[in-house]
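Just the one chain here, laid out as structure tokens, in the form predicted alone.
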């Protein structure tokens, strides 16, 4: 599915985020469109993950607006759990429930939130496990899985809620190098299926191949954004050039 510029899924306007006196996000404005894959790159400590976590209010917004599917997250009256049902999140360290097998990890939220009956949730979970190539692991526990398998289960779990948007916070940085590819392959397929995705990652090759738009952040600001060709292959800002020279 092509990017639909007529439908803004996430609107960010003058976003600022402070932790006490530390200003982490200084003035961020951008729009993320339906079907768009946006990859956020930049040095550690630049505010990438904090920016991502503001998109589903895992971090409180200090100033400015983040509007997700027409809902302003700064509004005190909103039901944030309803927003999060539409915004899937995949974390660096998987966040699976270790006392539950894979199938229960996937069916817990749909059943608890009355999105599906137990049998519907089970069928859906098996379908999502097929999607990530792990149907045979339905009865396994997280401790029996490799890091790459755990992350693919985490992606399948998020998909079981049928999100409109998927947020990925450095999904491969905790993985051994040989497991990175299997997770990125699942993410590539999601992108091909038209999922709106915002991804914080250090995988510059993946950004170049899959992103519709790359955002380079440093020191709490968006320094440069554009197509992968613009930002990765022909960066204009000195800070972007310096960063890419160190990581490529």
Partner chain sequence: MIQILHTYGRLLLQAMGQTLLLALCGLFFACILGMFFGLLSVLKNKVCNVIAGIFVDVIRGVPMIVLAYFVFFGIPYCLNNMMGVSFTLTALQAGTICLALNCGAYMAEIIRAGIQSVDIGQMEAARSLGLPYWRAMVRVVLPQAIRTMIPSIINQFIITLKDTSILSVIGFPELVNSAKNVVAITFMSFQTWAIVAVMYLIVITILSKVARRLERRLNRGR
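Residue numbers count along the first chain shown, from 1. Quick caveat, the model's predicted, so the values are computed rather than measured.
The form predicted in complex with its partner chain exists for this protein as well; it is not shown, and the discussion that follows is about that form.
Problem - The single option of 175, 73, 145, 96 touching its partner chain in the model of the complex, heavy atom within 4.5 Å - result: In short, 96.
Exercise for the section: May I ask you to check whether residue 58 falls inside a 4.5 Å heavy atom distance of its partner chain in the model of the complex? Expected result: Residue-level check for residue 58: yes, a contact with its partner chain.
Exercise for the section: Tell me, yes or no, whether residue 84 is in contact with its partner chain in the model of the complex, where a contact means a heavy atom of each within 4.5 Å. Expected result: Result yes; residue 84 sits at the interface with its partner chain in the model of the complex.
Practice task
Answer yes if any heavy atom of residue 78 is within 4.5 Å of a heavy atom of its partner chain in the model of the complex; otherwise answer no.
Solution key: Contact check for residue 78: no, nothing within 4.5 Å of its partner chain in the model of the complex.
Handout entry: residue 126: touches its partner chain in the model of the complex, heavy atom cutoff 4.5 angstroms
Key = The answer is no: residue 126 has no heavy atom within 4.5 Å of its partner chain.
Exercise for the section: Tell me the stretch among 177-185, 49-57, 204-212, 63-71 that has any heavy atom within 4.5 angstroms of its partner chain in the model of the complex. Expected result: The contacting stretch here is 49-57.
Problem - Within 4.5 Å of its partner chain in the model of the complex: residues from 132-164 (heavy atom criterion) - result: 141, 143, 157, 158, 161, in sequence order.
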